[in-house]
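First, one chain by itself in structure tokens, the form predicted on its own.
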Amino acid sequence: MKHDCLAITDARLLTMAGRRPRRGMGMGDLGIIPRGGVLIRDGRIVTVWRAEEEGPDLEGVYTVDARGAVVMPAFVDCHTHACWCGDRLDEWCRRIAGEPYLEILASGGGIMSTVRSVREEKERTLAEIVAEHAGAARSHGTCLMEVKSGYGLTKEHELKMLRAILASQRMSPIGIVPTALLGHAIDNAAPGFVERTIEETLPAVHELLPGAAVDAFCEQGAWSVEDTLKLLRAAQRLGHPVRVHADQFNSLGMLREAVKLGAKSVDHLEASTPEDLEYLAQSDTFAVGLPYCGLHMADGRYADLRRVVDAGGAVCIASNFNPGSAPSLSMPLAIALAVRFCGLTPKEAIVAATINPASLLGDDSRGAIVPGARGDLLMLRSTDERDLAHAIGDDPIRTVVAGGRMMPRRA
């Protein structure tokens, strides 16, 4: 359906009004209006009101009675690898049989397996795949999704991926934010790989996407701390914000270096020390937890996000959607996992899946139900937002509203 004006009445509104991003104890503030309504016109929120107040004139406005159900901002997934093709099912079977991921990576599997598939695929097909993944994300309540490159590794194929991600923006039912993941795997078959990435691929990416974030995966068997710093510093000199995957399997010291660089985020954090998490919390760098990895890889390793919040930090959670370690786009399940295994309360997990990742991605028009914000909303099936974290494998969302339009659950 398409409506120039849409009103939702008699809702339990999670407005997220107030400070953004949320930090520390503020992450428990959902800006709740126990009974109220919201009016959207031309894709933007015009008015938010309480039931005891006189609301706007709704004559001629398409109106939905929420009947007390929760209405909240749509999810923002700030860390995905949604531009990929092929599959890694054989490697998954090896892993559940007990073979460590880093050994699979060292044998040419893992990330390099997907690299080979992506290099062989056409750009148009990759764009269609991203748009298809975006449609699946919307069915789970996501209306803004970050998508990384990183499965190309050469200048030619990284640019192909980034062009595909850009092209997907025109096909996608939700917002897409591209990130140049230039430091992903190390291609040992390419002499001088690190230097070529910095000296050749990075400048070409800068010409295509001068404002895009540049990311790197710092880990044993991937990019070293020294090489990651070379890449990220070079990116910053060109004016790019930077992000980093760190401490997934080993604490190598990259977390503190990323904070010193002023990185937008440090993502993963499963192996981070308590001292490093508290150091991160005292900075403006977001901590991004990716709890699907601990579930899918069945290693029981999760980021201690409770420590970051208690120390005053700003936390996000994301799907980390990829073919190897996190094959799901469900942010409701990410919330459920973050509460059970990362130590967040249901309220904190909702903040970490909405307003905070919107701020991380630099989009202050999303993640809150306030006048002027984009009309990206969810109506839950429940009258209690805690059900998002309590239910596992359920479908908690009744309606997705994207840009003021009530959308079908599948693209």
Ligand code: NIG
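Quick note: we count residues from 1 along the sequence shown, nothing fancier. Just so we're clear, the structure is a prediction, and the values are computed from it rather than from any experiment.
The form predicted in complex with the ligand exists for this protein as well; it is not shown, and the discussion that follows is about that form.
**Study point:** Heavy atom of each of R243, F286 and T354 within 4.5 Å of the ligand in the predicted complex
**Key:** None of them does, since no heavy atom lies within 4.5 Å of the partner.
Review point. Can G324 be called a contact residue for the ligand in the predicted complex at 4.5 Å between heavy atoms?
Key: Taking the distances in the predicted complex, the answer for G324 is yes, it comes within 4.5 Å of the ligand.
Point to revise | Non-hydrogen atom contact F341 with the ligand in the predicted complex at 4.5 angstroms | key: No, F341 sits far enough from the ligand in the predicted complex that none of its heavy atoms falls within 4.5 Å.
Check your understanding: Just to confirm, I111 within 4.5 Å of the ligand in the predicted complex by heavy atoms?
Key -> Looking in the predicted complex, residue contacts with the ligand include I111, since a heavy atom lies within 4.5 Å.
Review point. Do R88 and the ligand come within 4.5 Å of each other in the predicted complex, heavy atoms counted?
Key: Yes, R88 lies within 4.5 Å of the ligand in the predicted complex.
Exercise for review: Choose one stretch from 76 to 84, 118 to 126, 252 to 260, 154 to 162: the one whose residues place a heavy atom within 4.5 angstroms of the ligand in the predicted complex.
Suggested key: That would be 76 to 84.
Review point. Considering the ligand in the predicted complex, which of C143, V308, A336, C293 comes within 4.5 Å of it through any heavy atom?
Key: Of C143, V308, A336, C293, the residue with a heavy atom within 4.5 Å of the ligand in the predicted complex is C293.
Review point. From the list T197, N320, T228, S168, which entry has a heavy atom within 4.5 Å of the ligand in the predicted complex?
Key: Exactly one residue meets the criterion: N320.
**Study point:** Sequence-ordered list of residues in 204 to 230 near the ligand in the predicted complex, where near means a heavy atom within 4.5 Å
**Key:** Residue within 4.5 Å: F217 only.
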